[in-house]
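The same protein chain appears twice below, in two forms, each given on its own as structure tokens and labelled structure 1 and structure 2.
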Structure 1
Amino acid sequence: MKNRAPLSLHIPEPKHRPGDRPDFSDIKVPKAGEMRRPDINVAAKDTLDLAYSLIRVLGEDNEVHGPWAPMLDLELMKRGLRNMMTTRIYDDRMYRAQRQGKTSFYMKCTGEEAIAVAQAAALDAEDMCFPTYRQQGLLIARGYPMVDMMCQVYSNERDPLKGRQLPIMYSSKKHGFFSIAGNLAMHFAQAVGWAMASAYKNDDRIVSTWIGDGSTAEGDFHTALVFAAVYRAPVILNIVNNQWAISSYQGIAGGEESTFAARGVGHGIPSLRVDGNDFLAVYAVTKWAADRARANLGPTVIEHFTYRAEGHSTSDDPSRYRPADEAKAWPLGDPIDRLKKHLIALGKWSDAEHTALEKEIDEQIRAAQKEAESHGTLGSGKLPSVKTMFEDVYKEMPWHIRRQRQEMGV
């Protein structure tokens, strides 16, 4: 026997489980405005401090601070507020529809609305998005018809995807929104290819793509960073660190020993870590990254530090693996509430206006839902023709699929 301590295996464990009092006092929250804003042609290694800190603009005083303050016009902020509120209310309606048995599955993005909505505002409408499954705010911000979104969720006769995809796996080329897949991280590297194509064609469109903290553990995430760095692809590589991958906390994805943003620096990609619940900060870092991409300076990694306020999907109960009130203890607040308070602090918004807007959106969504449901809900029998099941496997239907369709008698 050698005179050494035996080896021991480390299994990361979150600080709080059901029954514990959530305490996030270990999370260092820098003051808004504290972080420097480098020039867009900064070297990756010179962003290391930014990759390990947190860029924040909106302070506790509801005012903007520091060099990252984007100085947005009021209309843009009001539109952002409306889009975030629409996303949240839409989520609530669809979640309820699933509970009412109108569809099989739903995923909310509650607490994370600022990410998709502020980024949509910072990008051009023509820029291409390769989202994962919690960026429905992009479609809402880009004006995709809500009835179509709902018809997709209901897999009904008007479903643009003809009943082929799990609810929320939207696709709209017209709105620059790439088809969502359940196989995580794959699209992250595909986004790099789209960006390379845009550069190859001397186009002026850039790409933004999103991945969760959990799926950064996939090889495709790292592959995407390698290819993006090698070819200086005009792409924004967003990591949405919402702390939870279903029931696994971000430490299981390797978030304990480093930040997710820091992954980018090692690949030679300038990397930022941002308060993902701060609409203005998210807008500012996205604009910075977009400017880099447009100037042929290549990719940027952005870690959005946020919190998944609800379950992963309709299929899990988060109170089984984390304290039920953990969301309330999250130190970075709620993105809608923070932007609302900022607008009020500017003297350009009020609680009464906010409540009125909430009601207006709610009515719009109820009307859209009524229309969508007139085309059927899952299991209601109103479906696309079953013939369409055999279409689009290939451009031209080959003989063997035609024969199988005939075998089915349609």
Structure 2
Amino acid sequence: MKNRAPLSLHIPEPKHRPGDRPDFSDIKVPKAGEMRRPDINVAAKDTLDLAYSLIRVLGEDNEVHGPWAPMLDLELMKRGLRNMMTTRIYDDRMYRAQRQGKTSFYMKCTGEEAIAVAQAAALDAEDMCFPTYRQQGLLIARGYPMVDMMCQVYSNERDPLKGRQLPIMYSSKKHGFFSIAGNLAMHFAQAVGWAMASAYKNDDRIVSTWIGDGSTAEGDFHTALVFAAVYRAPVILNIVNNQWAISSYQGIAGGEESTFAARGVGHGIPSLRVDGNDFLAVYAVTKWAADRARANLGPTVIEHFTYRAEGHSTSDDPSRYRPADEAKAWPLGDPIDRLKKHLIALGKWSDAEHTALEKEIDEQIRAAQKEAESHGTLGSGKLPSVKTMFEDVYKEMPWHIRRQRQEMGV
């Protein structure tokens, strides 16, 4: 007989399950301003401490601290606050529309608004974005018409995508927003390819792309990092670690063993881990990464440490796999509330102004929703014309497709 202990398989388990009391005391949150800010030409191995800690700018005193403080002008911060608030109110309206049967599906980004909105502020308007389904804030920050966003959700007769995409999977070439794919890891490699092509053509546009913590366990993620590192592609590789991939907690994707940012260092890419609920910190690390890309220094990996406050989608019930009040216990707070308190601390904002802005945004979104719904909702019969199914496949429609359309009488 062998005198050996039996082997056992480790199955990662979340810290809290329904009925448990949420406790995030094991998360070590450094003080704002503690982390150093290296030059943009830093070697990947010299960012290891930044990949394992957490870059923060806004402190508990609502002031900015440390070398990462971006010192933004007041108007940019107010615009960022407005865009985050607009994103959240828009989400709430569309979520209710789904519950009323006006659309089949919706996904919110509650608690993650800073990740898209702050990046939009730090990037140039011409830069290309390859988003997931929680970066609707990019479109809002870039001025995409809200009525068009809603019509896409409703898949109605004015849907810019003509009913060909799942609700919330927007696309706009004009606004540098690549069509969202449900298989998230796939577009990570596509983004790197786009960035390589931009550099190959001596263009000046860089790329930013996003992936969830769960999807980093897929092969496409590592393929993207290999190509980005080898060819020094001008791309920002964002990992949104919101603790949950659908109902699967981030430990299943390897989050227990290391940080997700550390994977970038292993591929030879400078990597940062940032407080994803800190608008100023997200802006600062994005600007740093963008400056690297524009200087032909290659890619940067950014892990945004945040929390998915709502369900994965309207098809998900998070109370079945985590405590109902877990989001309230999250130690990094709410991105909108934190930026609001910072502006108040500067003496440039007030609770009354904030309430008035909420009301103004809500009225604008209600008006947009009324217009969008005039073009149809789920089951109303107001759909894109059948003839559109023959369009946009070939540059010049071939004879057999024209004949099929004629046979249908459209």
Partner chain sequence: MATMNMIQALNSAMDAMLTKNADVLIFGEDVGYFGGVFRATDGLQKKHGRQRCFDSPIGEAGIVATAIGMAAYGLKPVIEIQFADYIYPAYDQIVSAAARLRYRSAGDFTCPLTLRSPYGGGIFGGQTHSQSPEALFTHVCGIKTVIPSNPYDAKGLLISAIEDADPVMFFEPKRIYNGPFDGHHDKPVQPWSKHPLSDVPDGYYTVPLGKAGIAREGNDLTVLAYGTMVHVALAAAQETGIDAEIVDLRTLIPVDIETITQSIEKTGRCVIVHEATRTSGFGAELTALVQENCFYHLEAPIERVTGWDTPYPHAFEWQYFPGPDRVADAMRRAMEA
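Only a predicted model underlies this, so the values are computations on that prediction, with no experimental measurement involved. When a residue number appears, read it as a position in the sequence of structure 1, where counting begins at 1. Rigid core here is just the name for the largest C-alpha set that superposes within 1.5 Å across the two forms.
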| query | finding |
| --- | --- |
| Structure identified as the form predicted together with the partner chain | 1 |
| Is_shifted H400 between the two structures (CA, 2 Å cut-off, rigid core) | yes |
| Cα displacement of F390 between the two structures reaching 2 Å, rigid core superposed | yes |
